[in-house]
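Consider the single chain below, provided in structure tokens and representing the form predicted alone.
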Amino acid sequence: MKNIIELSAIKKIYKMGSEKIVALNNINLNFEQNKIYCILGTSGSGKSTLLNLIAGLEKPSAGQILFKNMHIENFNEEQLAEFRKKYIGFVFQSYNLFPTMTALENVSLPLVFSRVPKKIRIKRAREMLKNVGLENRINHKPSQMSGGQQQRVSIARAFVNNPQVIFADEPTGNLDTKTTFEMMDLITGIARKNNQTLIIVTHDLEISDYADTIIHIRDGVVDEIKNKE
């Protein structure tokens, strides 16, 4: 398969006063289209920093990040915003829903930024909410929904713009075990159906079972890469 993301000699160094903290050191990774990846590591291993770099939320201290042959490490803030809008979807641990908006409004928000006409926005948002089993909750606000329902809204929002890559950062961290597996079945099922690349960041070994490739990160370096047969 063709690589959609290629990382070469990536370093990320944070400065705290006179001290330098190496968060990532010489990361070389390729991510293929239409596959599910898990970046697995303990707290402080550098896994979330790696996700932030790939998604264009942070810039590397050194190295190259190629996304569809675009050098996103050279993008300015305006270019990065456009890049994320066009290619990326996010599922967060804390849902990141707007509390004053309904489920329908939260899901349609990425389409607003993409200047999709209102009639089409509403239609697509309704379809996504139906796909995640929330067709009866479209007018509910986050405070009127359970954690699992809020995460379903978050998943619908991440996929509504049909992005090529979905990033899921500890997507089940606030959920019970039963709901965790329901959410993972949902996220991976949609990604496989739409031939999207899914990159999951987690510390949970059970979550990593959903991936085609598991990338173990330890102390800012790639410790091991496991590919499922």
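Residue numbers run from 1 along the displayed sequence. Only a predicted model underlies this, so the values are computations on that prediction, with no experimental measurement involved.
Absent from the display: the form predicted together with a small molecule. The rest refers to it.
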Exercise for the section: Just one of 158 to 166, 63 to 71, 45 to 53, 30 to 38 has residues with a heavy atom within 4.5 Å of the small molecule in the predicted complex, so point it out. Expected result: 45 to 53
Exercise for the section: State yes or no: in the predicted complex, is some non-hydrogen atom of A9 no more than 4.5 angstroms from a non-hydrogen atom of the small molecule? Expected result: no
Practice task
Considering only heavy atoms, tell me if L205 and the small molecule come within 4.5 Å of each other in the predicted complex.
Solution key: no
Practice task
Using the partner position in the predicted complex, report whether A23 sits within 4.5 Å of the small molecule, counting heavy atoms only.
Solution key: yes
